[in-house]
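Next up: just one chain, as structure tokens, the form predicted on its own.
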């Protein structure tokens, strides 16, 4: 399972890139606004220059299929690795179908059911993003939806990749991997939590203590 980072924070993106574990980025205008990062296009292009993998950037015009297609073409032109995020609506599906015929890759987002994911695959979306955390918040089993989508896609050999989104904690990532999701997109905080473990810290401290004792013993012998 690949790991994407869900952010528009440039420092987080640069730190994640140095780790070598992040394969792509998902972002949207809300995340850009949260970071007060400035021009949306400039932010997406900078992200695309740091991370060579897929960069999902959301369209702003969502009222009509024609408006979505027009904006999607513009967003896709910002960098070769940009993928256009489109919510799953009737207009979004119509637009994604047209864009697929043009070779524009899309990530159909705000997915909350296997039915929606099935339709996303049928229109040729490159990715679909079921929102695990929001489903859990509403009293549903978000990861069960991911598992259902993976099973359907595998049965019919759909090429659309499943991005487990709205990830809230590290165990969501484990569950997504066990469910067969192609990708999990996580906040930087969750990525750090995936790395850290108290027993690792204890082990490092013990190694350091043991080495100090060994070094002291060697120094004592050398002084004799």
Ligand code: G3P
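Computed from a predicted model, the values in this text were never measured in an experiment. Residue numbers count along the first chain shown, from 1.
The next section is about a form of this same protein that is not shown, the form predicted in complex with SN-glycerol-3-phosphate.
Asker: Every residue in 6, 28 and 131 with a non-hydrogen atom within 4.5 Å of SN-glycerol-3-phosphate in the predicted complex?
Answerer: Answer is yes for this spot.
Asker: With the cut-off set at 4.5 Å between non-hydrogen atoms, does residue 160 touch SN-glycerol-3-phosphate in the predicted complex?
Answerer: Residue 160 lies outside the contact set for SN-glycerol-3-phosphate.
Asker: Using a 4.5 Å heavy atom cut-off, state whether residue 165 contacts SN-glycerol-3-phosphate in the predicted complex.
Answerer: Residue 165: yes, in contact with SN-glycerol-3-phosphate in the predicted complex.
Asker: Counting only non-hydrogen atoms, choose the one of 64-72, 169-177, 152-160, 28-36 that falls within 4.5 Å of SN-glycerol-3-phosphate in the predicted complex.
Answerer: Selected range: 28-36.
Asker: Any residue of 169-190 with a heavy atom within 4.5 Å of SN-glycerol-3-phosphate in the predicted complex counts; write them all down in order.
Answerer: Going through 169-190 in order - heavy atoms within 4.5 Å of SN-glycerol-3-phosphate in the predicted complex - there is one hit, 185.
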